[in-house]
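A single chain comes next, written as structure tokens; it is the form predicted on its own.
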Amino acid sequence: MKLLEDGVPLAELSIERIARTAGVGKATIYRRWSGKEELFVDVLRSTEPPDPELPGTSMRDDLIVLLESLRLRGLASRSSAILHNVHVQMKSSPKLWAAYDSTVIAPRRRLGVEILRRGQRNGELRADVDVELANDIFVGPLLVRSVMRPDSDLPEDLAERVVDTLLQGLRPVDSPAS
């Protein structure tokens, strides 16, 4: 983290330099990580907050909690130059991006899809809705505002507004609004 905070680009990081900065031998680093990419992904993972505890009361409530965690992550990455820079570097490396995707993004995505599938089983979501696409539609506004439009607002009620707006059109026709 120290090297990244100092603005050292990933391409200039070496296990030798990391070990020297940490005050340990290279063997100590290699005992835990096979290389700098694996170490880098672990560093990124350690900066991520844990996934939220879902209330399990309804699909709507769980979606709001999940999207609120994305909103908070967006606020955190906006206020942290290091996180922003690290993510930019990571996206330029397919190997790093794949590792980050499989350990951080994919589990969150699975959680969102499972919430929607449960909603279909419980009658809170139309059975004909493509849950993979619906998940992207729910998450999309938070990602656009966090990543593509960093000057846009991330108000406290954003998650609730996104969920309620989308559920208006995705609920079964005979379902009462919550």
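Bear in mind the structure is a predicted one, so any value in this text is a computation, not a measurement. Numbers follow the displayed sequence, beginning with 1.
Quick note: we don't show the form predicted together with another copy of the chain, though the next part is all about it.
Stretch-level contact check against another copy of the chain in the predicted complex with heavy atoms at 4.5 Å: of 22-30, 49-57, 35-43, 137-145, the positive one is 137-145. Using a 4.5 Å cutoff between non-hydrogen atoms, Ser102 does not count as a contact of another copy of the chain in the predicted complex. Another copy of the chain in the predicted complex is not approached by Arg118, whose heavy atoms all lie more than 4.5 angstroms from it. Under a 4.5 angstroms non-hydrogen atom cutoff, another copy of the chain in the predicted complex lacks Arg110 among its neighbouring residues. Contact annotation for Leu75: none of its heavy atoms lies within 4.5 Å of another copy of the chain in the predicted complex. Shown here without another copy of the chain, the chain has Val144, Arg145, Val147, Met148, Arg149, Pro150, Leu158, Arg161, Val162 in 144-163 lying with a heavy atom within 4.5 Å of that partner in the predicted complex.
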